[in-house]
Every structure is written in C-alpha cells, then in structure tokens.
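This document starts with one chain, in the form predicted on its own, laid out as structure tokens.
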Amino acid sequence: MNMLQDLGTIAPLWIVAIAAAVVLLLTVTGGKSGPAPNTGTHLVMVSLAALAAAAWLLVGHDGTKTAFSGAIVVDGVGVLFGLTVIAGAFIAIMLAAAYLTEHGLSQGEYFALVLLSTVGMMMLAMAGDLLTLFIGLETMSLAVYILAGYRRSNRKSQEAAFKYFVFGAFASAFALFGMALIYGEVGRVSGSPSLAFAAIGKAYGPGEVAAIGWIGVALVFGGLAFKIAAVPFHMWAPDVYEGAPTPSTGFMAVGVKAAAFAGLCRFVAATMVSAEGRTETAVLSIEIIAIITMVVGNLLAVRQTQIKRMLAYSSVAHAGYVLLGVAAFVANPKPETIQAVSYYLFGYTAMTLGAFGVVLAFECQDDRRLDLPISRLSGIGHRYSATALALVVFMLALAGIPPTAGFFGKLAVFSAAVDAGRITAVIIAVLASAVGAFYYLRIIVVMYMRGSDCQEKKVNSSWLAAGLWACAGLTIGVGLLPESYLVFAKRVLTGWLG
C-alpha cells in the first residue's frame, strides 16, 4: 500500500519517464533511422500529452506529500518550479519539431532526451534530501550534454557538448564532495549522519557546525551556481549556447536554470536559513555573487554581435537578478519571496524560449551557420512582420518593460529584496537592467530601422508558429495578470517553511 501511495505521489515523474520510453519504442518501430522527419507528429503529440498530464496533476496538487521515506517531497516549491520546467519542455519540443524536420535530424531520440531531462529537473524541484538532489541533477545533466551535441556532423556542436560535459563533471564532483562533508558534519553535530534536508536544518540550526560543514555548503552552492551560469561559474555558457542546436540552447537556458534554482532554494532553506548567527554572512555572499553576475552579464552582452551569444550573456544577467531574490529569501525567509522567484522564472521561460525560437526560424537547412549575427535581422520587421512582432515582445520583456512578465518579474524580485533590506543591491540591479535595455532595444532598431530589403529565408512550420505564439501569449498574459499566478503560488506554498 505504501508503495502504491508513493507511486501516486510521484505520478508526474513516472508519466513523463514512461512517455520517454514510449517515444523511443515508436522511433524503433518507424525503421532503422526512425520516423521520417515529416511524419513524426505522433512523437510530438505523445511527448506533449505526457507533459500536459504531468502539469495537470501538479496544478491539482494540494498540501505537502512525501514519497520513499521523504526522499521526494511534493509541496509548493515542487509544484511551482515543476510547472515551470514542464512549460519549458512543452514549448521546447514544439520548437524542436520544426528544427529537427528542417535539418533532417531524428526526432525520437531528441524528444526522449528532453523528457528524461525534465524528469531530472522535477526531481531537483522535489528533492527531499541531498542524494535525490544529486540524482536529479545528474539525470538532468546527462541528457542535456547529449542535446548540446545533437548535431553530430557539426564540429561546433560537438565542441559545445564536450565543454559542457567537462565543466559539468567538475561542478558535479565539487557538489558531491560538498554533500559528503555535510553528511559527516550532520553526523558529528547530531550523532546521526543524514542527507535529509530536515535533518540538515536541525543540525545547522543551533550554530554548532564547524568550518568544514560550511565548506561543504560552499561546494554544493558552487555546483548549483554552475548550472545557473552565475559568475564566476559562467565561462561555459557563451560557447555552449552558440554551438548547441538552438532548441537545445533554449531548453538549457530555461529548464536547467529553473530546476537548479529550485534545488538551490531547498538547499539554502535547510542550511543558511536555519543557521543561527550565520545568516548575514550567507546573505552578503549570495548578494555579492548576484551583483557581479548581473553586472558582468549585462556588460558582456552589450559587446556581442551574435544573437545567441548575446542571449547567453543575457541569461547570465538574469541569473543574477534571480540570485538577488535568493539572497532576499535567506535574509527574510518568507514564502512570498519564493513566489517572486518562481514568477520571475516562469516569465523568463516564455520570453527566452521565444527569443531562441525566432533565432531558430532563420536557421534554414542550407544555412550551415550555428549562430545568427544581429546584422542579419536587418529589415525582417518589414518582410516577416508577425515573427518580428513576436521578437519585439520578447526583447521588451527581457528588458523589463511593462506590461510584460519581465517587468512584473523584476518588480516582484526587487520588492522582495527591498523588504529584506537589500536596498543597495536593488539599486545596482536597476542600473544593470538599464544597461541591459540597450542591447535588447538594439535588436528592435536593427529589425525596423536598418534597411527594408531583407534577403533572409525563414523556416515555415506550424509547430514553430504555435511555439512562438505560445511564448508571446504567456509573456504578455502572465504580465497582464500577475495576480492570478501569485494567488495560485500563495495557495500551494501555504505551510511551506512551517
């Protein structure tokens, strides 16, 4: 009976995992090379149906439930961040369907990898202990490494996968070593070693943890900071984002970041929030990393001439804004701060995937380049008005201009930081956002004011159009109705943190 209850609790996980297996089986039955690129609609539908079912189960979830002796916790954090990664995977699959068809790449393996990575992301969001967190981290990462190198015939794609794998392996090793130190320190303090977040919180709470325990915390934090591309762990991002297939890049930029932030919120709640007398040091440390991340990301993005590299540094900057929300949570641990962080990441998922979707739209089969120079966008506002309008929405949202989700996301995070007393950091964040507005608005200027004779070819796909308009609709809809999301978030977070 307990096993059945546990399986019911984690139904969103196994539904997506089974869908990945079904997609692979359907791919095999399609022949040696899988279904032809233009007949893979059934693979898309199976993948999207599984993700929709998992999202439906999460939306209907109420309260806090645990499975497998507390290894997995389905609560407000798991629901909010789980829905974000599911939304990212859903749209990424729609965009990928157009890309894979255009370039004659196999769809089955790609969709299965996206689904398996999503399972790892949800495990991160629902981790009840460090072991589950690490398993989720590696399940997510191994699939994404392969997605980065999915264009096997292209050297840049292979280089991107290799760089991501090598850097990711080191980050995972540091995180695992940190977990071992925490495990030992919890045993020393409490007399019973444990990896459960509840036990870690009790051990770190009285302030008796030695320096080695905090070294372990720093190592785990560094491993998660690599996944969110925070400075100084961001060096891999521009090259990997540029070399990876564009749908893989978009999925990495949103899904990996959202899942890593979910794990980070759980981790800091168990260690930094619980620790007596160490909170201010922890807040200051995270705040400094956040400031450096947002400043470096924006300043380097200004210099870019390739749009995927620009979006890579933009992703770094946005990681800094969300880290400011994490610092505010440690300083003032309230569910409202997690609401702000999750709202920001949900809007960021739609606007960033949409931006990469527009890049994908101009990567035709006969174009062997893996990046899109900003200059090539000249005049597309006149020739492809609908696509250009969608990109305008995404750029305005990334710049934080109302009434988009980007504006209200920043407003929510900055307000939480102000409530936590981090005024100086908020001022720096606002100034960094002003710098960021320059390179986002530059895209709009190039599209509409730098000539009207556009020679670019565009990918024509119903899946691509659906994905772009879904992103645009979410970007504007979540921005116009932020209260709807925040009310839902408040409901599911009731009782979190006691």
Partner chain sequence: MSFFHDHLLSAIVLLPLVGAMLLLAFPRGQKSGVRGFTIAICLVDFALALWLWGRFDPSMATMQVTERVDWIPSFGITYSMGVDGLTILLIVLTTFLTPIVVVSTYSGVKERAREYMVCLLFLQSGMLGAFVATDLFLFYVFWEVMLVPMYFLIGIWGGRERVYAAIKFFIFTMSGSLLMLVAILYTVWAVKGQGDITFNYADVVERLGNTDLGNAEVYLFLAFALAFAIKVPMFPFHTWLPDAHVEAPTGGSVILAGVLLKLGTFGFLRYAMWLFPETAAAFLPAIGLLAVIGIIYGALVAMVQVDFKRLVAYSSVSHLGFVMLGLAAMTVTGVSGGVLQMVNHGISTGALFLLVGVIYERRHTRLLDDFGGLAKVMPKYAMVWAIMMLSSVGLPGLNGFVGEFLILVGTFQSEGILVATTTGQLAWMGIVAANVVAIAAIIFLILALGRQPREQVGTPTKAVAGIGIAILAGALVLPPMGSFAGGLLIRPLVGVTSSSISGDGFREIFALLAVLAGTGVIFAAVYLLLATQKVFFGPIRHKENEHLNDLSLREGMMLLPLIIVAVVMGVYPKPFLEAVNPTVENYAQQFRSRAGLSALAAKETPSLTALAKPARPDELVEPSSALPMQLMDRPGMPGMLPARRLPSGPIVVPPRGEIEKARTNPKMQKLDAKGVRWLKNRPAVRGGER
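Nothing here was measured: the structure is a model prediction, and the numbers come from that model. Positions refer to the first chain, counted from 1.
The next section is about a form of this same protein that is not shown, the form predicted together with its partner chain.
Contact check for residue 445: a heavy atom falls within 4.5 Å of its partner chain in the predicted complex. Among residues of the shown chain, residue 156 is not one whose heavy atoms approach its partner chain to within 4.5 Å in the predicted complex. Put simply, residue 167 is far from its partner chain in the predicted complex: not one heavy atom of it is within 4.5 Å. Of the heavy atoms in residue 174, none are within 4.5 Å of its partner chain in the predicted complex.
Scanning 196, 411, 218, 374 against its partner chain in the predicted complex with a 4.5 Å heavy atom cut-off leaves one residue, 411.
With the partner omitted here, the residue from 53, 466, 44, 441 that has a non-hydrogen atom within 4.5 angstroms of its partner chain in the predicted complex is 441. Stretch 430-438 is the contacting one of 430-438, 457-465, 59-67, 44-52, since its residues have non-hydrogen atoms within 4.5 Å of its partner chain in the predicted complex. If you take 396-426 and check each residue for a heavy atom within 4.5 Å of its partner chain in the predicted complex, you get 396, 399, 401, 402, 403, 407, 408, 411, 412, 414, 415, 418, 419, 423, 426, in sequence order.
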